[in-house]
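Given next, in C-alpha cells, is a single chain: the form predicted alone.
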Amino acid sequence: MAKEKVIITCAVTGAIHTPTMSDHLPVTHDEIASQAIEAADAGAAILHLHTRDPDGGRPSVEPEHYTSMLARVKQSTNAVVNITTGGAPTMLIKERLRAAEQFSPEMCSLNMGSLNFAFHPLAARYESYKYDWEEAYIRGSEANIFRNTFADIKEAAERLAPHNIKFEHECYDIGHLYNLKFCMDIGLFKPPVFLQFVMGILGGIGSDIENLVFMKKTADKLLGDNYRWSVLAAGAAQMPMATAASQMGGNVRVGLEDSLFIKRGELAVSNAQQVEKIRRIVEDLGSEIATPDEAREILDLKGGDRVGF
C-alpha cells in the first residue's frame, strides 16, 4: 500500500502565548487571518485557529471574534479550518464550544483529559508585558487545572454531533489515550479518529523519541488501525519531533501557538516560515505533503462546502 502523504497543520495563534514574547505572534483578527492565509499558501492543509478579544488582547472564544477572520480565510484558501474547543485553561467547556456550534467547521480540537497545564516559568524570562493582564495570567498558571472531565468530553461530543465535525483528539499523556478508547467504547466517537500527541507541555508527557514511540505503541494497542495521528511538540522540540513523526507514518503540527522560534535563539517571523521549514524537511526526506483536499480524504472530513461560515 502506498504511503499516505503527510498532513501539515498550522496552529496560528494560541490563547497561552503573549504578544510580548514575540512581536511576530498574530493577535488582531486581521493579523491572524493574514498569517493563516500565508501558512496555507506555504503548505498547511489544516489551520488550527484561536482568537483574541480586540479590546485588550485577552484569549477569547466569542463567535463574534471569529466572524471576519473565518470569512477571510475561507475566501482566500482551500485549507481545512480547525477551531479550538480548548480555548484557555481558565474557560469552561460550555464557553469553549460556542464558536464551533455557530460556525460548524470541518474540524475541532478536543482535549482528552484534565491536566496541570502550567507555563508559569515563562514569567521569569520577561520584565515587561504589553497588556496589564498578562503577567498575572502567566504566573497564575502554576495553580491551573485545565479541566477536561469525562462529563466535559461527553458534552462536547453530544453538542457537536449534529455538525459532523471531525475531532483532533489532543492527548497530552498516555492516560488520555485510554480516556479516548473508553469514550469510543461508549459510542461518543466513531472510528477512524484523528489523534494529536501533545508533547512538552509542563504537566503532560515530555518531548523525546522514547515517549513518542510509547504513545504510538499504546495507540496501536488500543485502537488498532482505527486512527490517524499527528505530533505537536512545544518549544525547541517542535521541529525534531515533527520530523520524527513524519518518518514514523504520522502527520505534523507546527505554528506559533506551539513554538515562537524557527531555530534555537531565533524567533520565527511568521507561521508560514515554520510551515516552509517542516515542508522542506519532509520533502527532503522523501515524503510528500497533503493538499487540503487530500487531507479531507485521508481524515474523512465533511467538506468545506458544509461549514457555517
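From 1 onward, residues are counted along the sequence shown. Just so it is clear, the structure is predicted and the values come from calculations on it, not from any experiment.
Separately, the form predicted in complex with ligand KMH exists; it is not shown, and the next lines address it.
> Among P105, G113, G204, G86, which has any heavy atom within 4.5 Å of ligand KMH in the predicted complex?
Only one listed residue qualifies here, and that residue is G86.
> Among L180, L195, I165, L232, which has at least one heavy atom within 4.5 Å of ligand KMH in the predicted complex?
For this set of options, the contacting one is L232.
> Out of the stretches listed (57-65, 267-275, 27-35, 43-51), which one is close to ligand KMH in the predicted complex, meaning heavy atoms within 4.5 Å?
That would be stretch 43-51.
> Would Q238 show up as a contact with ligand KMH in the predicted complex if we use heavy atoms at 4.5 Å?
Although ligand KMH is absent here, Q238 would stay clear of it in the predicted complex, with no heavy atoms inside 4.5 Å.
> Going by a heavy atom distance of 4.5 Å, is I16 a contact of ligand KMH in the predicted complex?
The answer is yes: I16 has a heavy atom within 4.5 Å of ligand KMH.
> Does ligand KMH get within 4.5 angstroms of any non-hydrogen atom of S141 in the predicted complex?
Flag for S141 set to no.
> I'd like to know whether Y137 contacts ligand KMH in the predicted complex, with contact meaning heavy atoms within 4.5 angstroms.
Contact with ligand KMH, no.
> Looking at ligand KMH in the predicted complex, which residues in 147-182 have at least one heavy atom within 4.5 Å of it?
Going through 147-182 in order - heavy atoms within 4.5 Å of ligand KMH in the predicted complex - the hits are E170, Y172.
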